[in-house]
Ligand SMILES: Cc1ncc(COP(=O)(O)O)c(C=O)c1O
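Encoded as structure tokens, the following chain is the form predicted on its own, with no partner shown.
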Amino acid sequence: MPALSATSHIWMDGTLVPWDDARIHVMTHGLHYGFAIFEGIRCHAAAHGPAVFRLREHLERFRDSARIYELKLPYSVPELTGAVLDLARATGTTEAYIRPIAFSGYGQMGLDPTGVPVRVAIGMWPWGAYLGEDGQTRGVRATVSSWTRIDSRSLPPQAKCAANYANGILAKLEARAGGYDEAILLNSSGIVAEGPGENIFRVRNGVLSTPPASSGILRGITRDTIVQLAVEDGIPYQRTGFTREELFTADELFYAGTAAGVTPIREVDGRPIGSGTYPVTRRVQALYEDAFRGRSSLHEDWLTYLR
């Protein structure tokens, strides 16, 4: 995992502050209880300059995550949009990952966060492909985790809450300890859900499929992007659940997420997947890159240019 590369500023509670000055107290409530929601967004060098990809959709999900957890955001989506753009312009970074986070702050301890001030910060830094550039080219090795994807009866998987990601961390650690690059989590019914931080897609006989929200996944914005692009391009698509053994019999598998991009899976539990040529995955990769680079006229509204 690459080290975090500091940039010049972080937006914190309405103000741009130097990176090293963006600090919180060790007794911050959200640090102790995981009571925080966040987003992952990308800025890319696009056709008409640096642009943030699907900014509105990400910030609307940020707002919705806060609503699910009854975390009262002190900023509106338009205000957060302005904050992201102000930060991006201040850092001068054109290829970057953007991390808005809201969390219960300092003031009291205990499970009840009522009355604790809500803090909001946005960081931005250069970050390459989450599973590596080599992984995007050659594909990664995955394993089905012994850990089960969180169930909506215990924690809401539709919210990007920090607490939820402890589930993914356990799966990731297990995969790495076993010599794999990444994990695949099943839900409590034994149906494929997603990766620790990515959605998953399957290709069989030319048909692209991905698990529905009822499988316990996060409704990924990259996932939604790929579905729209694939349908427009004429790639047969269906939203359907699939089993562990259907991973092994897939012609292609790939992860999709803001951090991971579109990353082929070349092996699951020691079983090679398909022929290793990934024709549909490669097509999807190209469609996705055309979209975030502004090379497609169909979705110019997905790009928010910095100037």
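The first residue of the shown sequence is 1; numbering continues from there. What you are looking at is a predicted structure, and each value in this text was computed from that prediction instead of being measured.
Although not depicted, the form predicted in complex with this ligand is the subject of the following passage.
Under a 4.5 angstroms non-hydrogen atom cutoff, this ligand in the model of the complex lacks residue 29 among its neighbouring residues. Using a 4.5 angstroms limit between non-hydrogen atoms, residue 258 touches this ligand in the model of the complex. Although the partner is absent from this view, residue 221 contacts this ligand in the model of the complex, with a non-hydrogen atom inside 4.5 angstroms. Residue contact check for residue 135: none of its heavy atoms lie within 4.5 Å of this ligand in the model of the complex. Contact check at 4.5 Å (heavy atoms) against this ligand in the model of the complex: all three of 58, 149 and 198 pass. Only one of 204-212, 176-184, 189-197, 82-90 places residue heavy atoms within 4.5 angstroms of this ligand in the model of the complex, namely 189-197.
When you look in the model of the complex, the only residue of 75, 165, 237, 106 with a non-hydrogen atom within 4.5 Å of this ligand is 165. Along 113-146, no residue reaches a heavy atom to within 4.5 Å of this ligand in the model of the complex.
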